[in-house]
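Next up: a single chain in structure tokens, the form predicted alone.
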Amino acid sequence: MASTATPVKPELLRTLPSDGVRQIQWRFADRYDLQMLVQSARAVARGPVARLVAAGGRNSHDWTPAKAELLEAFDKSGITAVFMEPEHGGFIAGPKNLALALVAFELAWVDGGAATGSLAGCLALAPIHERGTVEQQTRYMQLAAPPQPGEDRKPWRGAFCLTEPIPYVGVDTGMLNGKLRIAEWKEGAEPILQVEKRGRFITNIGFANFVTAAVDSGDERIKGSCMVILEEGDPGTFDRGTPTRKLVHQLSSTGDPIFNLRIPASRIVGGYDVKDGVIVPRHSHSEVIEAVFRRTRVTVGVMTAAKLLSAVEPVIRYQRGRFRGAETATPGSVRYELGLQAREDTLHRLVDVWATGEAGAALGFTAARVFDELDPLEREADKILGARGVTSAKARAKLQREAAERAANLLRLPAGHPNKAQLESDPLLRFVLLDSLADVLCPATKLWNTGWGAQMMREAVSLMGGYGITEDCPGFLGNKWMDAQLEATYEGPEAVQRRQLSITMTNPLFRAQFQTWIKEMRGIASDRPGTGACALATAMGMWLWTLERLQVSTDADGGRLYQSARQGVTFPLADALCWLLAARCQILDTIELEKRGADDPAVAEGLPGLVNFMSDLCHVQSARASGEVSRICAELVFGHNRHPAWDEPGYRGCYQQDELDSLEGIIPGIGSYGLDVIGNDGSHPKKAGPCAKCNGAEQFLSLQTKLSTCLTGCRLSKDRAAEAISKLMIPEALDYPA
């Protein structure tokens, strides 16, 4: 009798992912400056920030001296200067989106309020950085930079004031109650402006020296809206207001300020022109915040991903030690060594939390890197358009549309076609390509990471039992869960992100890129079937088919389905896309780790087990994403059709009993196939009506069937990941206080 080979058991994960692993996954292994920044930010997060939280610093709404000490820690560590250019006191030249995302990740690993307080200073400077005049950039960047050795000064702190008081808060960023009027305009002199603005939920206001505020014209001699810079020493009222009684993010200063100030017109962000005696700001407030939010939303999404990944180690430690101390849990026994992890449910749920954290981080850091690449291209595109004499917004939009059409056509060319090289060599084509991608990745990161991430953070807390909602919960998981609820509303609640996605995801250039990703996932599935790329590719094809179908379909009453007013259609489809984007980025991060991990001796030692585990997490997440897409798309494809009724005139889906009887002699056995049979007396089966048909949607059903079979093996991956977690070595204690 021939012997059979014993299957080789795959190597398991040995330890939690190291810094070297993350540097490879998130593509900064060759950036020593970013590596040092991460270490500095971590020292602050797991030192002063963690000690302040453990000491009860979150129990007060007020901005206390202990909280103020965090600002000095930010200054000394380099966190404050990360946003500045070297000539303004910073230390990182060029785009800083990835750098800011890494800082947010490290701080949010411990406390979301500390991360928000740090980022709010950058947010205050962002309008000046993105659209300010050279003079404005130089003045406020230098004032906000930490003092250099030998300097005797305190850095300025800033706040960003967009939202209005209730009932205006959160209604629409285009609705401004703040007003701008001309207070004095002497001939030959600079106009003096009167600013009236009331803010709501303004971060950093408790100590801000300057504020960038959005206002609308309240004077016929000023056109439209703009953003202005207010300083605490300006004549008038600079009232910081009362502290907001927040349930979360207590380590950041938040209040409802009141401003009534006189400022020179040179404080209009980006400057102004005078036309026919009217002040015309060069940038409206909406243009400024669009440039700002499309970058800063990414860092907020990264913060929630950090919370999920930070929960893994505390949950493992809690689960394993749950029964220690009981008489029945003796050292060496399964109950003592594994605790709750002796049961599959707790492990599987932790796998879901971990997989979500990996996917969220992958999506967020991918978006940050895209913006780092896009920023210099945007300036280069401006130069190209300027050299061609394109000055008006209409002419610029037309030229960009033409470039986008060219780029989409080039993407559709077969692989290896010589003309495809233009996508890399032509900066304008490269710009429109990345711009269309950034327009999708930014809201997707904010929507999925903070939305679904907040739900999974609740799952992480529940895995700690009652301990999870106590003040001394290891890892501050209860705080992080509550903080995540607020982060989901920062810089536009979920509806804002869905609205933006419903527009940008229909961009033909993005859809052309999306089609190449489907082929990309097919190729990955061929080489690495354990990642779940096959199921993801099928789900991506289903999503794209559904989008194209809905754009030309109507509901049962003849109403067009895909339009701005049908948010019950566009919003769920946006949600489905986010699942796909996150899972794809997670797979690409794992492949990058597999390719480059061997180059780092510290990573190479346990690389096979690490890659196996990360691949299993990818498979788990891809399966979940595919299931969500299948559910959402099926509801949208079939859900707007009216169900057929038994008394519907001339309904062709039903056999009459006498018809079946006559056909039985010609086709024996046909009677057993007739599901919707109406008797000669009008009787019919007891159900809602005849089974609905799938006319025109046969391809969708084919994709859905294929997707179901593509899920083969996903639960085996979950089992392997669960086993790896149960045997994973973790440190003796958390590296920050409980």
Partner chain sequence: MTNGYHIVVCGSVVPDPLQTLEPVSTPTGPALKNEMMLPAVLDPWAAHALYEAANLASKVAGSKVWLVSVGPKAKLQQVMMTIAQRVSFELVPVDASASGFADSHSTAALLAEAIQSIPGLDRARLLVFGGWESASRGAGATMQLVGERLGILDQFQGVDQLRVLDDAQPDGSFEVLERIEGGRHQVSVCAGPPALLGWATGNLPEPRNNPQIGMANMRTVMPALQKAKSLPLPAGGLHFLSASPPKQQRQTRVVKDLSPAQIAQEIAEWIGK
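Residue numbers count along the first chain shown, from 1. As the structure is a prediction and not an experimental result, all values here were calculated from the model.
Omitted from view is the form predicted together with the partner chain, to which the following refers.
Taking the partner from the other structure, the partner chain in the model of the complex has a heavy atom within 4.5 Å of a heavy atom of S40. With a 4.5 Å cutoff on heavy atoms, I730 counts as touching the partner chain in the model of the complex. Remark: E151 does not count among the residues lining the partner chain in the model of the complex, judged by a heavy atom distance of 4.5 Å or less. Residue contact check for K76: one or more of its heavy atoms lie within 4.5 Å of the partner chain in the model of the complex.
Among the residues G271, P644, G89, G178, the one placing a heavy atom within 4.5 Å of the partner chain in the model of the complex is G89. From the list 594-602, 353-361, 617-625, 194-202, the contact stretch for the partner chain in the model of the complex under a 4.5 Å heavy atom rule is 594-602. Contact check at 4.5 Å (heavy atoms) against the partner chain in the model of the complex: none of P95, E378 and S392 pass.
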